[in-house]
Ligand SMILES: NC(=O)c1ccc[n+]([C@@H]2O[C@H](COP(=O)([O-])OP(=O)(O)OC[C@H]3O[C@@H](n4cnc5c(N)ncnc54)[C@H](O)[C@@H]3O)[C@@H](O)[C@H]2O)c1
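Quick setup: one chain, the form predicted alone, written in structure tokens, and binding and motion questions come after.
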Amino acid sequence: MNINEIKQVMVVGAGTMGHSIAQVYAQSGFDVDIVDLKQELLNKALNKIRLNLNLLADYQRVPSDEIDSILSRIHLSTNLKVAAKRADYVVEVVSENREIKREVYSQLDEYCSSKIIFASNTSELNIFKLVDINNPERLVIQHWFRPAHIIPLVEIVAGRKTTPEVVDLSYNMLKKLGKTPIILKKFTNAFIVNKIQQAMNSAIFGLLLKGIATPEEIDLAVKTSFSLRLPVVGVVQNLDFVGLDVISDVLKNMGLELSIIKERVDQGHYGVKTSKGLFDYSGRSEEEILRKKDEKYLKILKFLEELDIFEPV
């Protein structure tokens, strides 16, 4: 199967993520069936999509004169069997409940062609071990982030039986939708972003439970410190700016040693100060790299201050 053969997309689940994902497909010209158990949920989903599109139009992300056309490509259904018969591609966005997932995939396996790709939006479950379908080579995880019609990232995770062709098609499909897909090298629980967020949550709960700071103070601390850096240097490249030699010393003080850091330090690759670390800076000087970084920090700081972003929403 190639992208040009996909005309009709079925999104199973109209909730928090489903309606938004369906919207993205419709914006990109696909006809979309949104399937859920209750018509009331579907009606709410369509209303949310309409509001989303109006907001996007206000910010010139969608031409206002195309909204009606986009909405006309979205169809609501409570009949999974009927919708499945005309689907060329399936996106599963149902509740993170194991029994519900199993039941939905059992029905999809019965109703859909064995060649149709099943893309699961699960954020934590090992869907590859959980569900039993014919031709599991077509099953892939495509993990979106809320709100799906705004956040660019989609994590692609393959199972042991998922074919490279399905992974490639997933990547190309998401690029066509205007998303930023990242293919994980192997399955890991919580993937990339949620794994990092879980570690942050653990620290946050510790601070709150010990009464070290209030929720407002914790958020203000984060917003006025590393949150400013994240859009520019992320969480990995920031290590290069700290200096891998410094990171190595910190790890030693904790009784730890990481080969990925030690190998670079032993080679004299400390990060920005040597123009090579976890990233390669192509021989640029430390001064040049620091100026480029700081200019971006200042632009972001000015923008955020103008929005009064440091106050709670």
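Residues carry their position along the shown sequence, with the first being 1. Treat the numbers as computed from the prediction; the structure is a model and nothing was measured.
Note that the form predicted in complex with this ligand isn't included here; everything after this is about it.
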Contact assignment for this ligand in the model of the complex, among Leu258, Leu37, Val250, Leu51, heavy atom within 4.5 Å:
Leu37
Though this ligand is not shown, can you say which of Lys210, Lys175, Lys81, Arg146 has a heavy atom within 4.5 Å of it in the model of the complex?
Arg146
Would Leu56 sit within 4.5 Å of this ligand in the model of the complex, counting heavy atoms only?
no
Does this ligand come within 4.5 Å of any heavy atom of Thr162 in the model of the complex?
no
Exercise: Asn126 in contact with this ligand in the model of the complex, heavy atom 4.5 Å
no
Answer with yes or no whether Met10 is in contact with this ligand in the model of the complex, where contact means some heavy atom within 4.5 Å.
no
Per-stretch contact check against this ligand in the model of the complex, the hit in 224-232, 95-103, 108-116, 175-183 (non-hydrogen atom, 4.5 angstroms):
95-103
Does anything in 7-25 come within 4.5 Å of this ligand in the model of the complex by heavy atoms, and if so which residues, in order?
Val12, Gly13, Ala14, Gly15, Thr16, Met17, Gly18
